[in-house]
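Let's start with one chain on its own, the form predicted on its own, as structure tokens.
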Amino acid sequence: MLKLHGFSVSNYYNMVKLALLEKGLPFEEVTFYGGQAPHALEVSPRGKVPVLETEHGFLSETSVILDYIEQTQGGKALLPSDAFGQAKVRELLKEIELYIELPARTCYGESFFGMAVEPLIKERARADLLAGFATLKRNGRFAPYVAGEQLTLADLMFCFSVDLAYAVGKKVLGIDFLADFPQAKALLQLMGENPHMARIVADKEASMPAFMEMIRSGKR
């Protein structure tokens, strides 16, 4: 059985978790916070979350894990059947990660954990996020999903990145990145109604106290 190592507060962990749930695959969850301790680096070479444990060994990096699951497991397809369609999904996934998730992440400390972020970092995040959302507007189809009519891997990155970037914009940067992007708002609502999201949200809420205590204690 596949084992998903990580913790339920992590958005990247939840991307993989939603993929497994959507495909109807049995899997075991293993609490793992990553880090640079030797035992953690044996599981994840960079000490990052999530990690997928397979019969052949461990895999890290979310996009790699998602591709592996799609290539090796049955269940609901999360990529189109044609090569170009698959490439477009991966393009959209990578654009959301590079130009929305990662810039927003530089402000997560202030937005979610009460840690001040330098003004220059915030200004860079603002510029990068404006450009990132403009890219998504141009390239996303939103019919109703990011790449078209089918739920794909790009939507997993979308729903666990755009929501956080939106919160960063409102809480830290004083900007509503979705004010003129109704298609993205509609897709966030649609993804929120996905029946598997209730479990993911509940698990995240249940895990939050322990995670916050770990943050406060400086153990992570």
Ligand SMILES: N[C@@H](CCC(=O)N[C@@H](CS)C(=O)NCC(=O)O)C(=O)O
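Residues carry their position along the shown sequence, with the first being 1. Nothing here was measured: the structure is a model prediction, and the numbers come from that model.
One more form of this protein, predicted in complex with the named molecule, exists but is not displayed; see below.
Interface residue remark: Phe181 is not counted as part of the site for the named molecule in the model of the complex, having no heavy atom within 4.5 Å.
The named molecule in the model of the complex is not approached by Glu70, whose heavy atoms all lie more than 4.5 angstroms from it. Proximity of Arg105 to the named molecule in the model of the complex falls within the 4.5 Å heavy atom cutoff. Residue contact with the named molecule in the model of the complex: Phe27 places no heavy atom within 4.5 Å of it.
This chain is displayed without the named molecule, yet in the model of the complex the stretch 47 to 55 from 173 to 181, 148 to 156, 189 to 197, 47 to 55 comes within 4.5 Å of it by heavy atoms.
Taking the named molecule as positioned in the model of the complex, the residues of 10 to 44 that bring a heavy atom within 4.5 Å of it are, in sequence order, Ser10, Asn11, Tyr12, Tyr33, Gly35.
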